[in-house]
Ligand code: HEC
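First comes one chain, alone, set out as structure tokens in the form predicted alone.
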Amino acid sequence: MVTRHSFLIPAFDLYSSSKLHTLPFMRKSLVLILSLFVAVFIFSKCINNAKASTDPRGNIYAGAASCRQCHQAVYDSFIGTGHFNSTAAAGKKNIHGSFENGHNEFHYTDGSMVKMEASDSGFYQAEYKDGKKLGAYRFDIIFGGKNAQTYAYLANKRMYELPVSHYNSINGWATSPGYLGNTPFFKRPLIAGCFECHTSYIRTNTNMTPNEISEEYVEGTLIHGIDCERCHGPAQNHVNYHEAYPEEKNAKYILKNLSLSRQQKTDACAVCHSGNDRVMMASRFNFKMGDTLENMYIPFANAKKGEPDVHGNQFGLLSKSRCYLQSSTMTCNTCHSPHSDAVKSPAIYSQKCLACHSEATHNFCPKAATMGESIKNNCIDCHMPLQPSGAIMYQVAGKEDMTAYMLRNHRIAVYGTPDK
């Protein structure tokens, strides 16, 4: 920890000496020497602090746990969110789905089976054909959890997606995104882009051979979930300063959301919530709060026109909404708190709508007269309905058709009356 005097210049006046007043050159030299001494002393403290940091992103990162000592309520709320838990190390307490016989199998149309198995060494997806066990692949990483979970395993420094996922909507096992139910496949690689929106950091090395280009993951560099510093930026200097000056209540050496422009605020979310319809010029891990996405992406030359998919492009949809286009202040944070999970209640979000839409402002819902008080409880299902994703679909064992993954459409518009 940096001590208080590390930030202080010694409290005496070099200009109080009569000799120094008569020797300006000596006075300037002494000031310069003293300034260099203070700078070297502070820099040496910074080096000592840097050595103490174990964050794989670098010495200027403090680690999310360091935030709790001053921001306990916010931190304790945030660690329960889908963002913070967007990835996790797989374990008994956090793998959804049953490992009990009769509830732990997925059968393919070619007669193969993947069975979820538990042992003292971990949890596995095991492949069987004609009753013979062909191999077993460990649950190493969990992606998601609020609506579904997909899993990955590490082999020879590469990450691969396991073929069976768990979906809360069916409370059971089904094919992972991108897989079909005809035969199991265990060699689908996970690229770095998957980790850029589901983790705070992982380091990769590109391995090139005459036959392929692959990404090898560096052991010990994975930071699960979206942590505090992924959004707020490196905090080591912030922590050092406020440990030395606990009485200082104005946040130093950290970028605050309130200081950002509307575009900067939305870009901080859009870096992961604006889809994959553009060419990425740099890793999303390079994006810091206050950056602009215009410096990171260019459109695909053959980009498809039309409505963005409801999965992963929430900002693309929101930016098409009249509510967003006609507002100068609306951002993602208007409806969502980044430090707490998205609520399921349409009534809570409806109150957000009613903050702008009212009879007094002459922009209230035209169905208000027929719906009465109930209109205050559910604007969402009419104007932001759940819709199927074209990017994520899965297949339930024994069914030929694919099941669409349902997500809330963030293009605020008139879609019709919900089913009753």
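Model, not experiment: these values are computed from the prediction. From 1 onward, residues are counted along the sequence shown.
Same protein, other form: the form predicted in complex with heme C (HEC), not shown, and the subject of what follows.
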| item | value |
| --- | --- |
| Heme C (HEC): the contacting residue among Tyr349, Tyr217, Tyr128, Phe185 in the predicted bound form [heavy atom, 4.5 Å] | Tyr349 |
| Proximity to heme C (HEC) in the predicted bound form, single hit among Arg158, Arg138, His273, Lys288 (heavy atom within 4.5 Å) | His273 |
| Whether Ala268, Gly312 and Ile380 all lie within 4.5 angstroms of heme C (HEC) in the predicted bound form by heavy atom | yes |
| Touches heme C (HEC) in the predicted bound form: Cys197 (any heavy atom, 4.5 Å) | yes |
| Touches heme C (HEC) in the predicted bound form: Thr54 (any heavy atom, 4.5 Å) | no |
| Heme C (HEC) contact at Tyr75 in the predicted bound form, heavy atom, 4.5 Å | yes |
| is_contact(Glu105, heme C (HEC)) in the predicted bound form, heavy atom dist at most 4.5 Å | no |
| Which of 114-122, 130-138, 97-105, 186-194 lines the interface with heme C (HEC) in the predicted bound form (heavy atom within 4.5 Å) | 186-194 |
| Contacts with heme C (HEC) in the predicted bound form - residues in 315-343 whose heavy atoms fall within 4.5 Å | Phe315, Leu318, Arg322, Cys323, Gln326, Ser327, Thr329, Met330, Thr331, Cys332, Asn333, Thr334, Cys335, His336, Pro338, His339, Asp341, Ala342, Val343 |
